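So this first bit is one chain, no partners, the form predicted alone, shown in structure tokens.
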């Protein structure tokens, strides 16, 4: 149990593997929002992200016994969803990435600052979709999900120096796009 009295990831995995199928609900409640946020940033579409996360969670449930380190369940889940996102991206061309995830423009009566922030967020989302999938994945894992490079390496199977370079290049590309629009 953790400090809040919730079961640890290892306890949840053990319960599910022992036949308590309801215990997987803890996994969904604990990780679904973050996985969905990540997949949305990767795919640029809330619907595609929801599909990727749902597929990933089903796959995780079916293959839970293959999770070698239940204490690192989060990393394992992100790896599965990352692979689902890559499959979705491979099925469509980069030009087909919808931008429906850009925040809606704020009502101008809400104030200029709110409108400007919404425009900046929309610009960032468009810039993210312009990155290669590898750079986008690294940037989102690091700066949106707040993962360490060690966790990122476990998820992607890439070496830490490679991930650092991808994050750096993604940051440079995003800054360039943002500077062009200011």
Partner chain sequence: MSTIDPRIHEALDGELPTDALPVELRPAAQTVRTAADLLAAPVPGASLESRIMAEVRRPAPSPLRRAAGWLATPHAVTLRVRPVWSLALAATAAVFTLFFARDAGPQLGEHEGIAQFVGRFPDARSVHVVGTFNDWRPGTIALEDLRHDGVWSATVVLPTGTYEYMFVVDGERWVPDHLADRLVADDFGRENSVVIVRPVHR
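Just so we're clear, the structure is a prediction, and the values are computed from it rather than from any experiment. Positions refer to the first chain, counted from 1.
One more form of this protein exists, namely the form predicted together with its partner chain; it is left out here, but the text below deals with it.
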Decide whether residue 142 counts as a contact residue for its partner chain in the model of the complex under a heavy atom distance cut-off of 4.5 Å.
-> yes
Find out whether any non-hydrogen atom of residue 19 is located within 4.5 angstroms of its partner chain in the model of the complex, and reply yes or no.
-> no
Wondering, does residue 169 line up within 4.5 Å of its partner chain in the model of the complex on heavy atoms?
-> yes
So in the model of the complex, does any heavy atom of residue 132 sit within 4.5 Å of its partner chain?
-> no
Contact set, 34-58 vs its partner chain in the model of the complex - heavy atom within 4.5 angstroms = 36, 37, 40, 41, 46, 50, 51, 53, 54, 57, 58
